[in-house]
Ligand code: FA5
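In structure tokens, one chain follows: the form predicted alone.
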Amino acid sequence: MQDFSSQLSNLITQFQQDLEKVSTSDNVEALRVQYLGRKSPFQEVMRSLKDVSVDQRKEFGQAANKAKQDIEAAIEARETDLVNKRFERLGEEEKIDISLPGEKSSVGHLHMVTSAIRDIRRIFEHIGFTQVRHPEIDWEWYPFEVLRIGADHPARDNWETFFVDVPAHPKKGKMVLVPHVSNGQVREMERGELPIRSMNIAKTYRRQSDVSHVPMFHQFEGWIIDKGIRLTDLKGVMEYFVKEYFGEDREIRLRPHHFRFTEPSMELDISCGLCAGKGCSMCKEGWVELGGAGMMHPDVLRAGGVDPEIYSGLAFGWGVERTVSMKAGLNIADLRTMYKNDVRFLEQF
């Protein structure tokens, strides 16, 4: 009996001395393992209970359990004390109120250009257009030759177009990064399915980089080929899109122009969203150019295997980035800003 009591008393005394030396939370945990672990002195004391008489075993067992509880309580109190002292040493700027709710993680969203592409596609799907895809790297035959843009045209110069360093095709010429999605016009006709009411939204590439141009940009183009298609149909489609995308208060203006693959050709202007068409530093006279349009040239129809005596067609297209910048209330002075990955800018849209 005396041996058991002495062992338990000595153990508690030694524990109290060691506890006073503890200075970190890691040391507290180590002390817990040292005195209460499977190979600890406490377990040795507990194993000696078998040598105590049956009459005294209950009393000593209760004393041992109380000693264990006291050790656990002392360890917990010491750990709490160390945490509080560390908190007191922290500067005011480092203190936190753990009762406050946590900050939510930031959630990304679609890029403004991606959202615009989806909006444009949805608008034209409502009037029967079907989205198609055509190569963004193509033989120059499709973006140039069949569109009446001859070999001597400035657009086919190295300073305007990105050429791909691969062997030229014997008929279709060199391979290029398409400068416009109009390469899909003849490709679509070559499928041999008429009538056509299609749209293509894809990346295009040009050797230009300034406030109104980026080397890689997205372009939208739509085509209708059917019997009896007229210029009034083109005007109606344009008015529908402008009012759906920009708002009912926006107006359009078709201005004569020249494109090699349409005749007649025109540029589409919309009333300025910043000044409501009154004239400002952005638009000068109240109108902003949106894109190009026109009736398909008979030679383009023939290149696609379509008889221009039976069918007629219209085409229209514009840069998606410029379209986004022209929405009411936006004033994006430099299109390159869209691709600078500046989170402060992107989070606004």
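Owing to the predicted nature of the structure, the values given are computational and were not obtained by experimental measurement. Sequential numbering from 1, following the sequence displayed.
Same protein, other form: the form predicted together with the named molecule, not shown, and the subject of what follows.
Only one listed stretch (167 to 175, 134 to 142, 194 to 202, 257 to 265) carries heavy atoms within 4.5 Å of the named molecule in the predicted complex, and that stretch is 257 to 265. Of the listed positions (V214, I71, I120, V186), a single one reaches within 4.5 angstroms of the named molecule by any non-hydrogen atom in the predicted complex, namely V214. Contact with the named molecule in the predicted complex, judged by any heavy atom within 4.5 Å, is made by just one of Y311, F316, F60, F42: F316.
In the predicted complex, none of the heavy atoms of G286 sits within 4.5 Å of a heavy atom of the named molecule. Using a 4.5 angstroms threshold between heavy atoms, R250 stays clear of the named molecule in the predicted complex. Using a 4.5 angstroms threshold between heavy atoms, Q208 counts as touching the named molecule in the predicted complex. Remark: L335 counts among the residues lining the named molecule in the predicted complex, judged by a heavy atom distance of 4.5 Å or less.
Residues of 215 to 234 that come within 4.5 Å of the named molecule in the predicted complex, judged by any heavy atom, are F217, Q219, E221 in sequence order.
Annotation for the pair G292/N158: C-alpha atoms approach each other in the predicted complex, by 3 Å or more compared with this form. Compared with the form shown, the D138-A155 C-alpha separation increases in the predicted complex, the change being 3 Å or greater.
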